[in-house]
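In the form predicted on its own, a lone chain appears below as structure tokens.
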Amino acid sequence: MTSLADLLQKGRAGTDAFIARLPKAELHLHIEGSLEPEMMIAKAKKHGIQLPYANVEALRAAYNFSNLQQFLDLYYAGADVLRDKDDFYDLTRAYLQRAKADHVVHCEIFFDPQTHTARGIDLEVVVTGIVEALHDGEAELGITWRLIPNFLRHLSEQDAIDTLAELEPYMEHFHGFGLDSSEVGNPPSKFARVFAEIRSRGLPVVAHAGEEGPPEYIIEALDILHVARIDHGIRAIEDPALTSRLARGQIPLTVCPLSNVKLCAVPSLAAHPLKKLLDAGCLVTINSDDPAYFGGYVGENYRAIAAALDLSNQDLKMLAAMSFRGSWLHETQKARHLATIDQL
């Protein structure tokens, strides 16, 4: 006789297999946050950098945060092992290989220029390493891409303006700009001038808002920065008028479930507002954020949230479709991916 546990396990295995077949776009991925402990240690050895961890296991044990700032402290320390073009190439290529395994066919990748210029790393090293890997990944793995430099919001707007000037020689590689790092105390309005300058060049902008920060930060990102989408945005659920606005405008929310739990933005996956946002008509996408640090790439995020919220295959198809609808792909490319999802 088949037990209830066996039936549930069989059902979950079926859901996991369905998730594996879904083509996906990932719209919220910090390339520096895909630095796995093994690569961090190898790159530190290559450059003669002494890390305060004896081995990979000790480093993994350090990936235990109680808030965003504790994560960021380790994140910036880890980024210090990235010194030359090959490092940025290897980092990006490793992410793309993992993305391919999760049936990601399009990615829109963030990187943090100021994290590297503050260490004296020339932006040519950073940009060329990432871009060469993205081109090779598209040619060999079939993953299309967009690249988005982010400004660090704990720094000044003038620093962002100066960074924009430093990025000028590489603008042909960028498809938009974003805003990340410590949210609380650094509202989107702090960066109004630099984002206006970017929009004046015809480039779209995005911003992290409503992860640790309040719903008001989402409103600022919409009204002052005029963002094309909100990265995270889960605290919108606290403001019914804002939730309705996001739904009416179909403003994409790039939600990162495992990240939200790891950084204590939500107490558990079971308490995550993703399904409530979906039910309210919001355009919600599933992403991995900083997967090496948060315990899962995009496929693991799909599987975890599907199990926690008992999402149906129809829910999962909707989420995958929304990942393309929220992307910066051309409409013909979107239509092709959406047709594939419809057939599943």
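Note that residue numbering begins at 1 and tracks the sequence as displayed. Since the structure is predicted, the reported quantities are computational estimates derived from the model, not experimental observations.
A second form of this protein, the form predicted in complex with a small molecule, is not displayed here; the remarks below concern that form.
### Task
Could you work out which of W145, Y75, F111, F191 is the residue within 4.5 angstroms of the small molecule in the predicted bound form, going by heavy atoms?
It is Y75.
### is_contact(L225, the small molecule) in the predicted bound form, heavy atom dist at most 4.5 Å
Taking the distances in the predicted bound form, the answer for L225 is no, it never comes within 4.5 Å of the small molecule.
### Distance check, Y217 to the small molecule in the predicted bound form, heavy atom within 4.5 Å
No - in the predicted bound form, heavy atoms of Y217 and the small molecule never come within 4.5 Å of each other.
### Task
Consider F88 of the chain shown here, and say whether it contacts the small molecule in the predicted bound form, taking contact as heavy atoms within 4.5 Å.
Residue-level check for F88: no, no contact with the small molecule.
### Message
I'd like to know whether D289 contacts the small molecule in the predicted bound form, with contact meaning heavy atoms within 4.5 angstroms.
### Response
Residue-level check for D289: yes, a contact with the small molecule.
### Query
Can you say which of 241-249, 180-188, 121-129, 269-277 gets within 4.5 Å of the small molecule in the predicted bound form, counting heavy atoms only?
Selected range: 180-188.
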